[in-house]
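Next comes just one chain, in C-alpha cells: the form predicted on its own.
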Amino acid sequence: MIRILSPVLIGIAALAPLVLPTYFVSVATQILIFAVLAMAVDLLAGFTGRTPLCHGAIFGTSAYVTIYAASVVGWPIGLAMLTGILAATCLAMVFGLLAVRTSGVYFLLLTLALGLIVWGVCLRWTEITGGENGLRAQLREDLGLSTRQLYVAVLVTVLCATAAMWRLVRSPFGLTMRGIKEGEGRMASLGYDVTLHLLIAFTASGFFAGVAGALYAVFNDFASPSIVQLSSSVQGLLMAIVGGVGTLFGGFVGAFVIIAMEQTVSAFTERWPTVLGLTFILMMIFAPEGVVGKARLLLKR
C-alpha cells in the first residue's frame, strides 16, 4: 500500500507550490519540517520502545547553532547547517549515554530533565543565545530563496531524510531495534549489545531531529528558548502518536493534522488548545494506534 501511495503523494507534494497560495506553501513547509522531527521521535518511541521528551531541545539546539554560526560567526549557510546538525547529533549522543540504561517512566523523566537543562542554558546564556530575545538571522534572504523555492528545497531534503530513516528501520539494525522493543532481555541473551544499539538509535534519532532543526532555522530565521522548551518535545511526540507510533510515515500525517488544525481552529477561537486537546483525547480513545495504524487495521480487515 505504501509503495503505491508514495509516488502519488510525492507528486502531489511536488505540485503543491504551483497551485497553493504563498501562505499555504509556507504552512506546508512547516509541516514537512515537523514531520521529520516526528519521525525522529518515532525512531525511538516506535522501534525501540523508548519514549523521549528531549527531542525539542535537540531540534532547537540545531536551529540555534545554525543561526549563530551563520549570522554571528559569518560562516556560509550550508556549513552553518551542517554544524547545527553535528551539534544536535553530539548532544543526542551525550543524552543517549546518560539515558539508554533506563527504560519506561525513568527514561521519560530523565530525557525530560536533560531537555530542561538545555532550555535553561538557552534562557540564561544571553551572550551566546540572546536569552529571551533569541537570535535573529536572514538566512532565507541570504540564500535568495522565495517561499516556493524554499518549499522545494525543504521537500527534497525531507524526502532524502525519510528515505534514510526508512532504510534504517528496514535494515538488520532496524530489526534489532524492533527486537529490543519486543524483548530486551531476550536480545541480550542472544548476544546483542543492547546498550550500544540503543545509543546508536538515540544518536541517529538526534541526527534527524538536527536536520529538522537546521531546516527550521532557515525557514523561521529566528531561534528562542521557546523552540527548546518542553512544549516542542511534546509537540513532536504528539505528532508521532497521532500519526501512529511505529509506522514512521505517520509523522507526516501527525504533523499535517496538528499544524492544520492549529491553523484552522485558531482562526475561529482563541481557545484552540482546548479544541486540540479534546481531539487528542477522542483519538486516544477511538484510535490509539494513530491514523496510519488505524488505517492499516481497517485494510487488513
Partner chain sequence: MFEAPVLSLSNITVAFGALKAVHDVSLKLRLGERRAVLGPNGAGKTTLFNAITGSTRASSGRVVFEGVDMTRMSPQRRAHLGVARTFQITNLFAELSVLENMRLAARGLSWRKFSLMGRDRLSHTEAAQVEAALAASHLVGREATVVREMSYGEQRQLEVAMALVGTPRMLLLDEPAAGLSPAERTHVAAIIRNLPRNLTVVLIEHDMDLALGLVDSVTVMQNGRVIVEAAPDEIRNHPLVQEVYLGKPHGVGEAEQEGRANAHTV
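Positions refer to the first chain, counted from 1. Small disclaimer: the values here were computed from a predicted structure and weren't measured.
What follows is about the form predicted in complex with the partner chain, which we do not show.
Participant: Please tell me whether any heavy atom belonging to I128 falls inside 4.5 Å of a heavy atom of the partner chain, as the geometry stands in the predicted complex.
Facilitator: No, I128 sits far enough from the partner chain in the predicted complex that none of its heavy atoms falls within 4.5 Å.
Participant: Test of understanding: in the predicted complex, would R124 fall inside 4.5 Å of the partner chain by heavy atoms?
Facilitator: It does not: once the partner chain is placed as it appears in the predicted complex, R124 has no heavy atom within 4.5 Å of it.
Participant: Hey, in the predicted complex, is L168 touching the partner chain, heavy atoms inside 4.5 Å?
Facilitator: Yes - in the predicted complex, heavy atoms of L168 and the partner chain come within 4.5 Å of each other.
Participant: Do G134 and the partner chain come within 4.5 Å of each other in the predicted complex, heavy atoms counted?
Facilitator: Close contact is absent here: in the predicted complex, G134 is far from the partner chain, nothing within 4.5 Å, heavy atoms only.
Participant: Within 4.5 Å of the partner chain in the predicted complex, counting heavy atoms only, one of 168 to 176, 113 to 121, 84 to 92, 223 to 231 shows up; tell me which.
Facilitator: It is 168 to 176 that comes within 4.5 Å of the partner.
Participant: I need to confirm a contact call. Of L79, A164, L109, V156, which residue comes within 4.5 Å of the partner chain in the predicted complex, counting heavy atoms only?
Facilitator: When the partner chain is considered in the predicted complex, the option within 4.5 Å is A164.
Participant: Which pick from M187, L98, L145, L199 sits with a heavy atom within 4.5 Å of the partner chain in the predicted complex?
Facilitator: Only one listed residue qualifies here, and that residue is M187.
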